[in-house]
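Structure 1 and structure 2 below are two forms of the same protein chain, each written out on its own as structure tokens.
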Structure 1
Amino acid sequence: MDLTTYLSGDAWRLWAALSITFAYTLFCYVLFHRARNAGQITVMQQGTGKPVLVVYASQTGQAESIARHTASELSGNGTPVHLSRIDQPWLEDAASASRVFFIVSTAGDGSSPDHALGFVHKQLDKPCAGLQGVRFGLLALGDRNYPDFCAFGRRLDQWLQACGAQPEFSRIEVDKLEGQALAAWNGHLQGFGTKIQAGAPAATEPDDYAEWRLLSRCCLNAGSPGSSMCKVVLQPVSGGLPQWHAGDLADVLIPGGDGKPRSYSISNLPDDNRIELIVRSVVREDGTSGQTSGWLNQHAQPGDALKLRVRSNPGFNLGADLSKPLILIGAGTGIAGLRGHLQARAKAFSASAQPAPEHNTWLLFGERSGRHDRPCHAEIDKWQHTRLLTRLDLSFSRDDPRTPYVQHHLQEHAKELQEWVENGANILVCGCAKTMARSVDQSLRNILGDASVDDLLMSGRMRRDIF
């Protein structure tokens, strides 16, 4: 006897209705999670009345972390709070929101975060009538060491006001998470029903730093014409090792420092039961050492303690898709972020027991001297031997006047680069904005075209960690 025969009349209709309801609920659940995983609007707090929108644009995850913390604080009085990445459809809900709060960062070259490029191209050159009368606040993150300080935040503010949106308060600009500016942001939020109390510290995200200790360090470029570069090895003082992915960051607070964290690419995987950083010594104009790099590379002794937290860097997380070729481009301490991805790729190939394809991984790396500046050379040689690295192009600016920098190798091998990209290659770029990033970006645009590079950035096939 089948179910149709067993059930009849009202019982059958009830069963059918419940089945449809369950199927629809499951369908909505799947759609919700797909939307959430795609970075679309997330409901942080249910409630009645007009919602508050928190919109972020983040390159290294810092602005996203602050936005999530802000959204959490704004949900203190039961007001519905929605969180959205700037390239998702928040504009549709802005007119019905009571307030819209923006937390946006500026990339090292003065541009928007990579995921925001589509929003920039589609929106910022034309007015949006739907923003007329919308009340907003804006927190712009930047670094005054770069000439285009908070450039994207400033451009967004100008566009919002040109569209008729009304600022609740003047744009707040933050230099490397400077405390006074963050305190001002928290002070303004107190007027919108947040859980922040008057006089509260200027925290904008959870205080999840733990105590770590220096295990060891070694110089990677003895005799180099540049400043010293050291591999710094750290272990937690207590508790287990946090988990991270290739491309993630370590925020470091040294004892006696200025209280501002310095971010470094984690150059290894958690399997090593430690964190390895590759740190360049910063030398000021007066010859003194940078505060954090000087402590890590010179002054700290094994066993000395510091504060550290691991921070996700979604703009430089790629995963280990072995079906796609991978092009890695970097210079100097950019090798740190690239090394983590190479280790992850080696681990994934080892676990799959599959041989590396002919066009698998291409590393283009630049430094000063081939004799002295070969960080991680033993691992690179090993990866070449095992065919994980199927192509390697090294640039040494003091040795080779013809191709002194990585962008020159890109131009020299333009046809091969086009072929790799056409075959689905992902691209990772890691290094200094002042000395490498703009030149590499321009070379890629000359070879592939502006539209192709923008498509690679917006789709996530090209990811950058620029500092």
Structure 2
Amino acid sequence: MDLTTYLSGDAWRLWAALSITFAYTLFCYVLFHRARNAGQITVMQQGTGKPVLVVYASQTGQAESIARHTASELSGNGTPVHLSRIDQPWLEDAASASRVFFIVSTAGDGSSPDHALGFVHKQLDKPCAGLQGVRFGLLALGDRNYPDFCAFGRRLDQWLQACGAQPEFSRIEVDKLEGQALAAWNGHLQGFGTKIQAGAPAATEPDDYAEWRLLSRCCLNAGSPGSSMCKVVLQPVSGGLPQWHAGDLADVLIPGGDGKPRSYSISNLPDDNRIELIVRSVVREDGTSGQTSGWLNQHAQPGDALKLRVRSNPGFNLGADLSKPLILIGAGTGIAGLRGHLQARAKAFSASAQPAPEHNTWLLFGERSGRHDRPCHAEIDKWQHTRLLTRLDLSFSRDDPRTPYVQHHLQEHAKELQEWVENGANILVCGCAKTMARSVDQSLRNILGDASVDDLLMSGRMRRDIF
């Protein structure tokens, strides 16, 4: 006897309806979890009751680090805590959260961090009904040296309030991670049952600076018309080397300095058992030397100690995915961040025992003089020779009036650039934010169109380490 004859007509209909409802619920559940996993909303702490939601936007990882710290401290009292990047689907969760804490930095020219562009385009220009009555706190990171101080945090705050969200306390703005403002943030969080002590030194993460020493230093641009650029080699005084990925940063505190760390792009991989930085001597407007670059490039002697921590820089990590072509664009000390990625790629190709395919790795690099400013030229020549670099375009502003800067080479090879991007190329940009990165952005927009460049930035196919 088959099932249809076994069940009476009504029972059969009921059974079929229940089965369809069950299958549909299962389907929705799977879709929801897929979306959640794809969006990577992290459940920091499970629990009953309304969750606290922590949302961040971060270019070089500082806001992310404070957000993770905040979320883990909030988890301490058993409240469910969820952590989300601002471009992930947190809006759905906001209405059911007891509080939403935002920690966001401002990036180039007062804009949002790159990964937040999609959120800015989709949300910030129109009100959002789902935020009515949501209670929130906002920490805005910035730097008063930039004309649009904390512009993205301010814009987000305005939008949240225009959507009917209610601030728990006034927006806290932090200038260069200054301690008092961060301590004020901690003070507000105390009201939500965290382990954080009000007024505690508002570290972005546990104090993980260690003592390092200068091993050696060499000048990379003797005779250059620009200020000196040195390779600075550092080793930990004791203990093992921390791990890092291509694209990560070293925060450096020098003895007798102002106590504020300066960040440098790590230019090598941990396999070398040391950190190599490429540092330009900064000359301030009054003619004096920059504090940290001056110490690293001139005053420090081999053996001298400093404090250093390695900081992950998710906005400039790419992994060594050999299946995708890679375009690396930089100028000056921008070679530092690019070199780490090139080393990682060389290592991955050598491990795979596969030769690099055609049209695979393209470096566009700019400096002043071809005679004096060729940092890392021996390695670059080797990579060209071994075909890791399948294409190399060097621009020397003092030598070549036709294509003086990297953006001119981009324009000149616009068609190839389009083809590489159509073939799935990732793009890395490293170096000066005000000059090189701005012009490169403009050229890429001219060649590929605004929508395509925004897509590359939002999807993480284009990543930047600019300063």
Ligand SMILES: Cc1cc2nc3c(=O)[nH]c(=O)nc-3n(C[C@H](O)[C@H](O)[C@H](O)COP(=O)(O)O)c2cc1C
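Just so it is clear, the model here is predicted, and its values are computed rather than measured. Structure 1 provides the reference sequence; residues are numbered from 1 along it. Just so we're on the same page, rigid core means the largest C-alpha set that superposes within 1.5 Å between forms.
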Number of the structure representing the form predicted in complex with the named molecule: 2
Is_shifted residue 303 between the two structures (CA, 2 Å cut-off, rigid core): no
Is_shifted residue 378 between the two structures (CA, 2 Å cut-off, rigid core): no
Exceeds or equals 2 Å, Cα of residue 70 between the two structures, core fit: yes
Rigid core fit between the two structures: Cα deviation of residue 146 in angstrom: 3.2
